[in-house]
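Only one chain is given next, in C-alpha cells, and it is the form predicted on its own.
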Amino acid sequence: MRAILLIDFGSTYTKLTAVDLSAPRVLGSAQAFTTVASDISLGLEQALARLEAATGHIQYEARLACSSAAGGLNMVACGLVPGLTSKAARLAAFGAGAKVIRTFAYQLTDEDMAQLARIQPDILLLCGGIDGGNSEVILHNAARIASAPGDYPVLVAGNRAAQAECVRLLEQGSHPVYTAPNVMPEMNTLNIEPAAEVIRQIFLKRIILAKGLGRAQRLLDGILMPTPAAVLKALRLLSKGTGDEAGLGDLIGVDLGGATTDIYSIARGEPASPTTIMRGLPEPLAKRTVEGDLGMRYNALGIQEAVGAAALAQLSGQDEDAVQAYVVHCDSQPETLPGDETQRQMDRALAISAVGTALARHAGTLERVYTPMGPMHEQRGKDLSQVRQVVVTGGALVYAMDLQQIMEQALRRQEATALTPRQAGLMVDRGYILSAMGLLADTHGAVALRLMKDIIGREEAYAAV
C-alpha cells in the first residue's frame, strides 16, 4: 500500500482524506473544526485522531494540504480603464484564493487614497497600460501607493515599459513589491496566469502562515495551494482527463457555502451560432467566480437583497415577514440549522436563489442587435448553455433531499439572455473529495481522475427551460 494524506484547512472544518495510490482507493476520511483562532494544528490533530480510529495507524508517504482557512485574500486593483481593470483583476484572482473587493481607475485621487487606507487590503494589483502604451497613470499611482499606510504587498503587472520605475517608486514605501508580466500586453489580449501564480504564492507565504498554519508544518510535507485552486485543478482534470484516460468534457462546478457561492466552468464557451458576434475580453477555459454577497448563512441577507423578499416568499410558500425574519436570524446566527419543514422550505428558497443568481453572474449573456447586415446576436462572456455536466458540492446542496428540483428551479429562474445550461447531468461530491483530488492532480493525475469518476455519483438528468 502507498498511502498519502490529503488535508483541506477550511474556514469551518479541517477535512482529511487518506488515499491508497496503488489500488487506487480512498482509505478513509475525517474532519474536525478548524481551530484557526487558537492553534490550527489542534484541529488537525483532532481530525487525525478520528481518522486513525476509523482506519487504524497508517504510514503515509506524504501529507499534502490546501487551505482557505485564511478567509481568502481581499484584493484591490488599480488600473487605467475601469472595465478592463476590473475584468483583468478578477480573472487573475479567480483561482488564487483572492477576491477583488474594489477597483480604482485612472489616476488615484485623495478620496481614492482615503478609501484605500480604510480598506487595508491583503494585496494590491497595480496594472494599466498595454506594453509600450500609457505610462503616466501607472507611474502616478505607484508614487501615491508608495506613500500609503500599511504593509500589504503590491503586485505590479502593467505596462512593461514602466515596470522598473514603478518598482523603484514602491520600494521607497513600506509595501513588499512583487512583479509579473502585464495582465494585458495588447488591447483585448489577456495574460493573467503569471499574475495569478504570484497571487497564489503571496497567499501561501503571507496569508496562510500569518493565520497560524506555520505551526502545523511539523505535521505536513507542504501546503501546496489555496483550496479554490485545488478545486479548480480537480474539475479541470475531471473535464479534460489525462493522456491515457478521457475526461467527461465541458462541465460546471457549483459550491454553495455559508459565506459565498463559488461557480467554476471548464469550457470554451464560444458562440454556438455563426450569426453571433463576440464582444468584450476573452474568457479563460477554466474560470472561477466568487459571489461574496451570496451565502446560506453569513450572507443570507445578500441573497434577499439580490432577488427580493417577495421572490423568496414565493419559492418557499411563506409570507414575506416570516422570510425576512428567518433571513435576519440566519445572518446573525450562522450556526442555525432548519428546525422544521417551514424553515427547510425557506432554506430551499435561499439555495435556489443563491445558485441561480451566481450562475447567471458567471455565465455570459446573449442579446439581439441590428447591424447593416441584418439582425444578429451579441455575446459577452461564456456560452454555457450547451454544457451537459454540473458538479455540485457544499452542505446545503449535498444534504438536500430534493437536490434535483433545487438545481432545476435555479436554472429555470434565469433571464432569457443568460447563457446558463439548458439541460445537464447532475453529479454530487458527497465525499467532499474535490480539493483532495486537486492536490493529487499534478503528480498522480490518473489516480485522481479514476477516484473522481468512481466516487462522485451521478443523479438523474434534469432539464431547465
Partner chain sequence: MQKTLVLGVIGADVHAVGNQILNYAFTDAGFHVVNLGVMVSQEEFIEAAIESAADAIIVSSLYGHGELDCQGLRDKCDEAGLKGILLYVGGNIVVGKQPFEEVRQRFLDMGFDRVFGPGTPPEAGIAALREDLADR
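Residue numbers count along the first chain shown, from 1. Only a predicted model underlies this, so the values are computations on that prediction, with no experimental measurement involved. Just so we're on the same page, rigid core means the largest C-alpha set that superposes within 1.5 Å between forms.
As for the form predicted in complex with its partner chain, it is not shown, yet the points below apply to it.
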{"item": "In the model of the complex, the residue from V81, V167, A309, A322 that sits within 4.5 Å of its partner chain by heavy atoms", "value": "V81"}
{"item": "The unique member of G280, G292, P176, G395 whose heavy atoms fall within 4.5 Å of its partner chain in the model of the complex", "value": "G280"}
{"item": "Partner-proximal stretch of 133-141, 232-240, 387-395, 191-199 relative to its partner chain in the model of the complex, 4.5 angstroms, heavy atom", "value": "133-141"}
{"item": "Non-hydrogen atom contact S353 with its partner chain in the model of the complex at 4.5 angstroms", "value": "no"}
{"item": "Proximity of T85 to its partner chain in the model of the complex, heavy atoms at 4.5 Å", "value": "yes"}
{"item": "4.5 Å heavy atom contact, M376 to its partner chain in the model of the complex", "value": "yes"}
{"item": "4.5 angstroms heavy atom contact with its partner chain in the model of the complex for G129", "value": "yes"}
{"item": "Threshold 2 Å Cα movement between the shown form and the other one at L238, rigid core reference", "value": "no"}
{"item": "Core-aligned C-alpha movement of I352 between the shown form and the other one reaching 2 Å", "value": "no"}
{"item": "V392 C-alpha shift between the shown form and the other one of 2 Å or more, rigid core reference", "value": "no"}
